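Okay, so here's just one chain, in structure tokens, the form predicted on its own.
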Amino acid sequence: MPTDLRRPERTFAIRQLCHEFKVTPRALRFYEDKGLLTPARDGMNRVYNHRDRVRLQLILRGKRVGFSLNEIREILDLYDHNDGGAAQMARSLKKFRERVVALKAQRDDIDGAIEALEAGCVRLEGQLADLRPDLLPQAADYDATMRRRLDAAE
């Protein structure tokens, strides 16, 4: 990242942040309405400072790992304490650990669902082979098409 972006006195237009973080102006206004961002105004234009840019970066990271906006606000609001960031770090650590536990539980649920579906596929393929083997190629074609789509999405 260019050091120019890290200068505390640097300001950003809404378009610049939208382009950099691949978000819409509507998303930035939404975060502003929720009190997560507080850009200054220059007439009708929003002027974002370095702090807003960093907060947006943290908001998007938090959303990516599944934090609610309230949880993100709770963490961000601790930054202003005069303790070198210790309160924010402690709260973040607690929230991160909670989220890891929740995501691992979700992963276990997803793994179980995948196993159940794969077993169902095997059972259905066997039944279809007995009843209508002529339909099996259609199912295989569909499966191959879906796998290609999933591979392309990754």
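Sequential numbering from 1, following the sequence displayed. Note that the structure is a prediction, hence the values are computed from the model and not measured.
The same protein has a further form, the form predicted together with the DNA, not shown here; the description that follows concerns it.
Contact with the DNA in the predicted complex, judged by any heavy atom within 4.5 Å, is made by just one of 58, 128, 90, 69: 69. In the predicted complex, residue 51 stays away from the DNA, with no heavy atom inside 4.5 Å. A residue is said to contact a partner when one of its heavy atoms sits within 4.5 Å of a partner heavy atom; residue 96 fails this definition for the DNA in the predicted complex, lying far away. None of the heavy atoms of residue 102 is located within 4.5 Å of the DNA in the predicted complex.
Contact check for residue 45: a non-hydrogen atom falls within 4.5 Å of the DNA in the predicted complex.
The partner is not shown here, but in the predicted complex the stretch 11-43 reaches within 4.5 angstroms of the DNA through a heavy atom at 14, 15, 24, 26, 27, 29, 30, 31, 41.
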